[in-house]
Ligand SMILES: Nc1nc2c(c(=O)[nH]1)N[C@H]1C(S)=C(S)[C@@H](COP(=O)(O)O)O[C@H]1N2
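In the form predicted alone, a lone chain appears below as structure tokens.
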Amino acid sequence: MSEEQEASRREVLKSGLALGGLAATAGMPFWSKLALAQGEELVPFTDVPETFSAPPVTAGGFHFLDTRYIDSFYTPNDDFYIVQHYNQPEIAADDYRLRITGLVDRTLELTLAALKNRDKFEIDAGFECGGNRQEMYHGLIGNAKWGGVRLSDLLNDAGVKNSGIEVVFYGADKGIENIRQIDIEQAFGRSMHIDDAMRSDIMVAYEMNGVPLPLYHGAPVRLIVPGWYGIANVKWLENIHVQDRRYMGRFMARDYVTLSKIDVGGVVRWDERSVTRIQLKSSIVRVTRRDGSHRVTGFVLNDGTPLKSIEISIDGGLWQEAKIDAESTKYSWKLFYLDWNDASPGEHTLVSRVTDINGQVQATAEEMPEKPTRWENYAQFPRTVLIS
């Protein structure tokens, strides 16, 4: 992006147009307001154990972000959340090949060098695990600048046949699945309809925050689907396959499937659907105290639909509009804060809600559909703090 383009982007963001008119911070950079200042301290939440801590990053391990300490727009690569389902393949850059196969006019096999020789595309995208939840401080989350090539350009070069309606993405990570008493080795796989795959903002990424993709995040190449849950962003991507029917692998048809009750033609039925687009969600992640005043901070994630407002209610009182980081973009996380200047001693309940420009409001727990599965936790999340 040129300096002129970047300056123009910032002006649009400051005007509020890119976020649907949200109140944005001005003057002092947002992050100087968000990072803990000298003498500023965390006020412990009482709805989670004080012993809470995020696990360290380990090979083949599980990691989530301690959201109480977010202090930059881009999550550091070594703190971005990690969830793995099979092994963690190590692929030498010189040995890497991306194959595009199936219902295409031309089967393609691309080296990493060939991908890097194509027009580079960058995008800010934040996402969370489909199972992110409150007891982890919603720490299965991260926000990064991704660099790579547009998926649509690769598909256009391969030439998708008219009969090709489903695009399947296979990772190099593999594991054993037991399907009706038969053990089968399967590669991690996810898919999407061709109409989704041809979006101009979906990326085959080889960079994360300006450096080569780290091993834990899918090196040398992964898929990035802005506005979708993390499960869709296939790591260690090695094969893109176009076919004429729905892909029914474990992580599309059996796992990461939200089970909920819906109205179907006037009849309440149990519906099963793959976890795909991020539901409209906000969460308060910390409260701090300095010189007798308090600040409430949180984040918003959604599918990229512009937002109308982010609000916070204290002890069931009036909703107060929060301020949002002016650096926020369509698919990035949106970090916000509210200065709480009249906090009285005792326990208080805080909750945030976000509304998009279509009038959709983040649901309360009571408004959520009956849903026994843990996927897609996006109801309003009341937090409790003790003010001394």
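Start at 1 with the first residue shown and count on from there. If you're wondering where the values come from, they're calculated on a predicted model, not measured in any experiment.
This next part talks about the form predicted in complex with this ligand, which is not shown.
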item: In the predicted complex, the residue from Thr111, Gln84, Ser260, Gln186 that sits within 4.5 Å of this ligand by heavy atoms; value: Gln84
item: The single option of Val296, Leu154, Met192, Ile231 touching this ligand in the predicted complex, heavy atom within 4.5 Å; value: Ile231
item: Which of 123 to 131, 287 to 295, 175 to 183, 103 to 111 sits within 4.5 Å of this ligand in the predicted complex, heavy atom basis; value: 123 to 131
item: Non-hydrogen atom contact Gly147 with this ligand in the predicted complex at 4.5 angstroms; value: no
item: Contact label in the predicted complex: Tyr206 to this ligand, heavy atom within 4.5 Å; value: no
item: Touches this ligand in the predicted complex: Arg222 (any heavy atom, 4.5 Å); value: yes
item: 4.5 Å heavy atom contact, His241 and this ligand in the predicted complex; value: no
item: Candidate spot Phe80, Lys235 and Tyr256, all three touching this ligand in the predicted complex (heavy atom, 4.5 Å); value: yes
